[in-house]
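There is one chain below, alone, in structure tokens, taken in the form predicted on its own.
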Amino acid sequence: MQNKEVYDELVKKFEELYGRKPEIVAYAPGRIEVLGNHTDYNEGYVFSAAIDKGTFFAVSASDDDSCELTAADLMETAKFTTKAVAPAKEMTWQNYVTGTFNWLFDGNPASARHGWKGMFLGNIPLGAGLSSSAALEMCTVLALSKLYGIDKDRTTMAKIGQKAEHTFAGCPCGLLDQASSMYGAEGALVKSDFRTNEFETVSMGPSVAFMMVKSNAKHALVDGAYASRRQACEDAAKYFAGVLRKPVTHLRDVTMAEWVLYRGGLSETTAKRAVHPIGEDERVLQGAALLEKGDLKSFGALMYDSHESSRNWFENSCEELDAIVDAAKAIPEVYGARLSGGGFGGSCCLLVDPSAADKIAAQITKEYKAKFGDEPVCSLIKPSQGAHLV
């Protein structure tokens, strides 16, 4: 079992608190974004992977409509009933779980036959852009579905977690994080199509791993910057719908050749923003073909191209992320590198030969420290199995 020490600690704490072993335990991993940046709201494609760190959720039925939820790392407990499930203003960590419970019952948790006693514990580093919240939602939905005998497919479960995040946690996320946690597989990437919400796994082979390098860059002006990028993409899609002789609803429908031909009708900034997701979609599709051939070096080159596009066109990189990618380029055992997630700070994702992990981490840390005076956090990550009942 992966992360068995976390599982053992959770079961021990559950027994100490409730006097019995849990009836059900479910596990869900965090995720990394590997290729396909800011494509989800443009109805495009993304490559992601479930990681080898995650969250366990343990649960047993209660005799009445009372519910108790304990965060095992803090040993804080929230209490409520099935008839009173609402977003919490205090101990807000509970909203990811209570929101998932709420939408598992289509917004009517009072219809549940009984309440439950639940506890969760994980080892995903917080603030590293590895989607600890989605992992918590996915192990919750799996465990509670089993407890209540509710049968839902994986995509529906992912959407329940997303809805919890929107309505209880107040974060308007796409479906990438939940779907990656749900559909992950060992040694494989998850390829997501955000037009059809179809998800498939593409094998990478055993001799490969990723390294997440967390910069210490402060996220600057993220909300305004994110909103302006999204607006530019929508404006560009409207423009292309007017000039191309085919249906266009999102930038997914525009090719790089069409952008080159018709970009003159856009402002310079809007044209620059639009070309990034257009190029990313093409890179994901190219990447899928390269992985089928086992060509990791060429796949890595697409990751470098992706970062250059972020740096020059979408302008969602920053000095610290650029320095990490530039340092990676000089190391032969790194096949590719790019910023991961929204950008403007956060982490870079490197495709690496895992046997050289220590060398890679040391070299990047040395160069980063020389430039910025502090050290990044380097973690080796293996693409791993998605959410499942333990």
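What you are looking at is a predicted structure, and each value in this text was computed from that prediction instead of being measured. Throughout, we count residues from 1 along the sequence that is shown.
Beyond what is shown, the protein has a form predicted in complex with a small molecule; the following relates to that form.
Q: Let me know the one among L136, V213, L302, L176 whose heavy atoms come within 4.5 Å of the small molecule in the predicted bound form, would you?
A: Result of the distance check: L176.
Q: Is N37 near the small molecule? Define near as a heavy atom within 4.5 Å, in the predicted bound form.
A: Flag for N37 set to yes.
Q: Might F80 be said to contact the small molecule in the predicted bound form, defining contact as any heavy atom within 4.5 Å?
A: Looking in the predicted bound form, residue contacts with the small molecule do not include F80, since no heavy atom lies within 4.5 Å.
Q: Using the partner position in the predicted bound form, report whether Y226 sits within 4.5 Å of the small molecule, counting heavy atoms only.
A: Yes, contact at 4.5 Å.
Q: Is G346 one of the residues lying within 4.5 Å of the small molecule in the predicted bound form, judged by heavy atom distances?
A: No, G346 is distant from the partner.
Q: Using a 4.5 Å heavy atom cut-off, which stretch among 166 to 174, 140 to 148, 289 to 297, 71 to 79 contacts the small molecule in the predicted bound form?
A: Contact criterion met by 166 to 174 only.
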